[in-house]
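The chain below stands alone and is given as structure tokens, in the form predicted on its own.
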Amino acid sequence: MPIVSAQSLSFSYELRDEEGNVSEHIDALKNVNLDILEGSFVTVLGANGSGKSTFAKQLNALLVPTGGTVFVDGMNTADESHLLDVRKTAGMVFQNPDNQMIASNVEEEIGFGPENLGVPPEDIWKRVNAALDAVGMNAYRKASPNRLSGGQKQRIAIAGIVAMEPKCIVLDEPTAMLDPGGRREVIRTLHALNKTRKVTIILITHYMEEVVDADYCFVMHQGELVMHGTPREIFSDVKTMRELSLDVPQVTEVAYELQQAGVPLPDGILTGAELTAALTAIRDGKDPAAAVREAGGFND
């Protein structure tokens, strides 16, 4: 069973006039249908205004559908009797980690969530230790969150969710405010959690390089789901991605431009190693697609 299932999901924001009357509805999500498998690493892409952040908030019941249904681990997010269980199942991490920091040191910050869930004190500290290990931040347990770098703060925010032991973590552009080094730290942490703890990761992002190693990708445009597939399948269609005002990884862009110039490269090149292998094969009169496979590509 999917851990997340959206069925004909729609959501409208209401605009009100000065007298408080509804003057307009803005459709942020329109008839979205998708399933996300438990234990997968999934990305959701879209330009500004595509509805991807509104979709993320549906998964933690911060917003509930105005049409259709969202199920999280079999629970209807619109059913208030399941609200706490939905939020235990799907933890949320937002763009700015400072907005989620309330404690004076790191270990207290991580223990705050489990304490609110009523976890016994002896178990809270076990969870704090395990969460710090999971994000590689044990050395900073006594530090003030305010003295950490952006990437470290975001890892602590993720650890705070991990300590609550959710099956799924939803991250709404968690690297948007970070430098490239901080972004790499956070993405490495997420992949490690996915692989070692089998936590489902749902990453909302506009950084294409963060998508390359995902299991599956959904692309949204003006509130609708317009593309879905593996990253290689999505990035093979450079023309459509451009039409949606989205980029592709830099290596993929270079390969596409070389294709347009007549170089017989295969579609869907994602890494520098794949591009090098393909160009070398063409030079040597060999099959570039076979060379990409040998370099580890096209096996996803």
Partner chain sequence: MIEIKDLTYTYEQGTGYEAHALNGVNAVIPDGQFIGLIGHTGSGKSTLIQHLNGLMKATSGDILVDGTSIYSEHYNMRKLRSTVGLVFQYPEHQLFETTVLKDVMFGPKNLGLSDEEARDRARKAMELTGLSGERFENASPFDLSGGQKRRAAIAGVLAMEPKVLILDEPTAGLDPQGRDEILSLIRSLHETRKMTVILVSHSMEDVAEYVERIIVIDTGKIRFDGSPREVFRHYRELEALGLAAPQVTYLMHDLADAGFAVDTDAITVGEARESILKSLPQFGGTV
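It should be emphasised that the depicted structure is a prediction, and the values quoted were computed from it without experimental measurement. The term rigid core refers to the most C-alpha atoms you can superpose between the two forms while keeping them within 1.5 Å. Residue numbers count along the first chain shown, from 1.
Beyond what is shown, the protein has a form predicted in complex with the partner chain; the following relates to that form.
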| property | result |
| --- | --- |
| Output flag, A130, M137 and H191 jointly within 4.5 Å of the partner chain in the predicted complex, heavy atom basis | no |
| The partner chain contact in the predicted complex: D179, any heavy atom under 4.5 Å | yes |
| G272, heavy atom within 4.5 angstroms of the partner chain in the predicted complex | yes |
| Any non-hydrogen atom of V263 within 4.5 angstroms of the partner chain in the predicted complex | yes |
| Contact test in the predicted complex: V254 vs the partner chain, heavy atoms, 4.5 Å | yes |
| Contact segment among 28 to 36, 42 to 50, 227 to 235, 59 to 67, judged by heavy atoms lying within 4.5 Å of the partner chain in the predicted complex | 42 to 50 |
| The unique member of L203, V72, M208, M92 whose heavy atoms fall within 4.5 Å of the partner chain in the predicted complex | M208 |
| Residues of stretch 238 to 260 in contact with the partner chain in the predicted complex (4.5 Å, non-hydrogen atom) | S245, L246, D247, P249, Q250, V251, E253, V254, E257, L258 |
| S23 C-alpha shift between the shown form and the other one of 2 Å or more, rigid core reference | yes |
